[in-house]
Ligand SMILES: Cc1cc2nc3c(=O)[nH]c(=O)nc-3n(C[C@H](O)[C@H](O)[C@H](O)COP(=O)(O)OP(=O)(O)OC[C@H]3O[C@@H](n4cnc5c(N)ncnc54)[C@H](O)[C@@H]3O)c2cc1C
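Below you will find one chain, with nothing else, as C-alpha cells; this is the form predicted alone, and questions on how it binds or moves follow later.
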C-alpha cells in the first residue's frame, strides 16, 4: 500500500473475490483476478499450486493496515502444528508399508543361521539393518504421536485451564515447542520415508509400489508454513529468550519431576538415565548459546538447527518416559495384557539406547560455533 514500510512491517492482508458484488449484494461482474500458471511440483499432486495474477483486480483490506503479518501468524502457528502432524503421518504410513513388505520379502539368510529353513531365504525383517530403519521409524512415530497429543492438550489448556497461571504455563510451553514440532517432525518424517523406501530396495523406486510418492509428498512439509531453518531461528532467537527463558525453565522442570517419579522402578532406570544425560546436553547447549550468541548472532544461526533437533529428541524422550511409566502400571494391573505394553517398553528402550544419544552430537555442533561455517569467502562456493 502507498506510504507503507517496504518491509514485513508494511504487509497488509486483502481478500480478492472472484466476482464483485453490486450495491444490492448480488453477484456482479467478474473481478480481474486470474490463474497465470499451474505449477509442476515434485509431489502433492492431489492439490493445485498456481500463480495468481491480480493486475487491475479489486481487493478489500482485512484487519488493520500494515498489520497483515501479525494476523497471519495466528493462522501460521496453528498451521505449523498441522504440518507437524503431516510429517508424523508420512513417517507412519511409510513405516507401515515397509514393515509389511519386510515381513513378506524373502532375501538372504539371517546372520545367526536360518530362521525360515523350509524356504529359499529369510524374510528381510530378520536382518539387523532393516530392523534399524524400521525401529528408528517406529520409535519416532510413537513418541511423536504422544508429543503431538500432549501439545494439543496444551493448546486447549492455554484457553480453558482453571487458573491464569495454568493458562500461562500451557501457552509458554506450546509456544516453545511449536517450531520443534513443525521442523523436527517433518525432518524426521522425510528421513523415515526415505528409509522406508530403502527397505523396499529397487521396488521402493518404482511408482507402482507407492513408496516413492510418500517420499515426494513428504518433502514439501520441510518447506512450507515456514522453512525448517526459519523454525530453528525462531526457536533460538525468539522462543528461547522470551520472558527470560521462562518457557524452557517451566518445561524442563516438568521433565525433572517426571524423572524423579521413576525412582524405585528398575524397568525404567535405563530410560531415566538416558533422558537425564540428554537433558544435561540440552541445558549445556542452552547455556552456551546464552554466553556466545548475544554478542555474535552467527553463533545462534550456525547452531540453531542442531539445537532444535536436540530439543526435539529430549521432547520425545520425555514422552517415552511417560509412556513407559504408563506401560509398567498397566502390566502390573493386568499381566495378561503383555504384548502391547511389553512392545511399548521395548520400543522405549530402543529410542533411549539408539536415538536419544544423538543429543551429544547436536550439543557438539551447537558448541562448535560459527567460525568454520562462516570462514569460506562467498566466492569460494
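Positions refer to the first chain, counted from 1. What you are looking at is a predicted structure, and each value in this text was computed from that prediction instead of being measured.
Beyond what is shown, the protein has a form predicted together with the named molecule; the following relates to that form.
Stretch 43-51 is the answer when you ask which of 338-346, 27-35, 43-51, 320-328 has residues with heavy atoms within 4.5 Å of the named molecule in the predicted bound form. Not displayed here, the named molecule is approached by residue 233 to within 4.5 Å at the level of heavy atoms in the predicted bound form. Though the partner is left out of this view, residue 281 does not reach within 4.5 Å of the named molecule in the predicted bound form, counting heavy atoms only. Contact annotation: residue 245 falls outside 4.5 Å of the named molecule in the predicted bound form, judged by heavy atom distances. Taking the partner from elsewhere, residue 258 is found to have every heavy atom lying beyond 4.5 Å of the named molecule in the predicted bound form.
Checked against the named molecule in the predicted bound form, the candidates 294, 223, 106, 253 yield a single residue with a heavy atom inside 4.5 Å, and that residue is 223.
Proximity to the named molecule in the predicted bound form, defined as a heavy atom within 4.5 Å, holds among 237, 175, 229, 123 only for 229.
For the stretch 12-29, the set of residues having any non-hydrogen atom within 4.5 angstroms of the named molecule in the predicted bound form is empty.
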